[in-house]
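Next come structure tokens for two forms of one protein chain, structure 1 first, structure 2 second.
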Structure 1
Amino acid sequence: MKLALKLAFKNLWGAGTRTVLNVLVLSFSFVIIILLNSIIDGWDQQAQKDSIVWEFGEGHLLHKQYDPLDSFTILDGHGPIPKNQLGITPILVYQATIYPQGRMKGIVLKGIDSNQTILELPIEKVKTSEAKFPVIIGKRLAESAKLNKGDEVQIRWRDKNGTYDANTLTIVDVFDSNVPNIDNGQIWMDIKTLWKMTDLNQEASFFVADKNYKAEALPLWRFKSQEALLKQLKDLINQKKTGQAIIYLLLMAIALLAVFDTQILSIFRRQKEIGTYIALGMTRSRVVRLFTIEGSMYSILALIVGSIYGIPFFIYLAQVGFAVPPADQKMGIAIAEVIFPLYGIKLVVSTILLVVISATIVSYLPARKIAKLNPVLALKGKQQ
């Protein structure tokens, strides 16, 4: 084995430019695979964390007639708050219309306890305001409605009996969140204020649970776990992973094709050498192993070269992150302005194994031809 490694390294060193090109292409594929997957894993972890602390908590207890994805269920999707339920914060959802700068814009009013600590919403800021209807909004609504902190905006709504009413809201804070589901077209206020506006006293559309909540069967309510709430996000990220897998598989295919062609050419040009090995008593299987090791060493060298320029790049990216274009931040999914890659041991090890095993396989395939070579004709340099 030691002799085979020495011969393989000597042959690769003698190949010169071919070896350099194959190693560079393989190392580039190695770095790109880790880079793309680490960015997706970083986004996955970041998006899940933000969604939990800003929107999902430990789960939602929803009214059976309320569907967060169907705005037509808002009117009837609420009910009395169940008694003796610990570890949940009620949220009432209601439709209204605002008139910023004389324009009409439909919005969703969301009332939540201003003393809640489950979500990171800065709803506690409405308690210190002297305004009659203090509210907070997200940066996306502030941008689309051209509203800023301290602005006042007219609002019109209907109470539970269908009677229209109107008043003026005061924007006491504009929060910055990576989760658009709590921002786009939504205005947050204290739930007690919303109860007075709508006459829906002690009613809620859903509840956000904390770690102390124990799910139980309730007549008008259904519990949706944190895992179920995150499923849509996970499915989307898995789709992204599948799409990016096509990119690095193409890169791997190009790199492995170069190794395969190099091995074919090497066997064709070195028939005298192969015939000499066999004539000197080396078995055909050992010659096949020699060329297979030679091809697999491309991957080993690629890992070394890739580490030389890849590791500093990965460290730098882990510190500054990967900037997300503003257009991508408006897709309606939880995504931060900067994504920090996540380099897991599983990702690095699996990528190394993928590159090494793939290079070994494509090196073995052309090397099988050696088993059929006639050593006499090979020594003469004639084609078989």
Structure 2
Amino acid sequence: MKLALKLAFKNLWGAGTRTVLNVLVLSFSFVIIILLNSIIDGWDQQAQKDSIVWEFGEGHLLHKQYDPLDSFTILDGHGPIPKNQLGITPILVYQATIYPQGRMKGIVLKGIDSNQTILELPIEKVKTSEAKFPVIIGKRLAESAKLNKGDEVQIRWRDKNGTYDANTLTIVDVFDSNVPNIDNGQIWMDIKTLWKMTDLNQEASFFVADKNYKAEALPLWRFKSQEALLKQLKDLINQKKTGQAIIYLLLMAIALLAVFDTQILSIFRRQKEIGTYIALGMTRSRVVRLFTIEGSMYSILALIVGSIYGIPFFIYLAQVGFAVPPADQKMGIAIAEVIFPLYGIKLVVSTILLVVISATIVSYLPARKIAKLNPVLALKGKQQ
């Protein structure tokens, strides 16, 4: 085996340019597979993290009549905060109309405790404001309603009895979140302010659970775990993964084709050599093994070469991140402007195995032919 490795390496070294090219091609696919997967994994992790810290927490405890996707459930989908329930932060959802520049725009008011820590939302900013109705909005609403930090906007709503009320909101902060679900068409304020505005004291539409929450059956409320909330996101990411797998499998296929082709060429050219090996007493299977090792050696060299230029590139990318187009944001999925790739051990190991094993297989296939060679003819260099 040691001899075979040594021989294989020497043979490759001797082949010069061709070896370099094969190794380069293979190393490209190696680097790109890791790159694509690490970006997807990085996105996966970032999107999950963002969704958790901005929206989901450890799960949502929703009022049975409240459906976050159906704005018409807002009117009735709230109830008194259950007593003795630990680890939940109440959020009250309420409909209102704002009038930016004389246009009417329906929005959703969301009240949350300004001392909360479960969500990343910078709601504490409303505490230091002198304004009567200090609120924060996300960058998406800010853009669509043409509102900026410090702006005031007229708002009209109806209290729980249906009586109209109106006032002026002051936007004390515009936050930048990757999670569109907590931004589009929503205005955040202290829940106490919202209770006062609506007369719905101590009521909530849903709760964000934290680690202290223990799920128990409540007549008015239903619990949706973090996992259930993340499902949509995971489905999408898996879909993207499949799409990418096609790309890099094609890439692998063409790189392996090059290895395969090179193997055929070398077996064709080195018949005399093969004949000599056999004549000198090597068994055919050992010759087959030698050529197979030679082929798979490409993949080992590719790993080394790929690491030489790939590792600095990966490190660089992990620092500056990978700029991502905002096109997917329309779909309501959390995606950051910059994704930092995630290089998992599992990813790297499985990619290495994939490249080495597949290179070995394609090297073995043409080498099988050796076993059928007539050693005498081979030694004479005669074509068979």
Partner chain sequence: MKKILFVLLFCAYFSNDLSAQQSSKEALEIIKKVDKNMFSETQIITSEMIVYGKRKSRTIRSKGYSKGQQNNFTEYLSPEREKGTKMLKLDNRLWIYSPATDRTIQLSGHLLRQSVMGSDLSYEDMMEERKLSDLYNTKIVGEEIYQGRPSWIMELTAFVDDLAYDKRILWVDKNRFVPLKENLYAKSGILLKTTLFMNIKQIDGRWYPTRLNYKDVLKDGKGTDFVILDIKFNPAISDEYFSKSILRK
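Predicted model, so just to flag it, every value in this text is computed and none were measured. When a residue number appears, read it as a position in the sequence of structure 1, where counting begins at 1. In this text, rigid core is short for the largest set of C-alphas that superpose within 1.5 Å between two forms.
Student: Would you indicate whether the form predicted together with its partner chain is structure 1 or structure 2?
Tutor: Pick structure 2; the other is not the form predicted together with its partner chain.
Student: Taking the rigid core as reference, does residue 166 move its C-alpha 2 Å or further between structure 1 and structure 2?
Tutor: Shift at residue 166: 2 Å or more after core fit.
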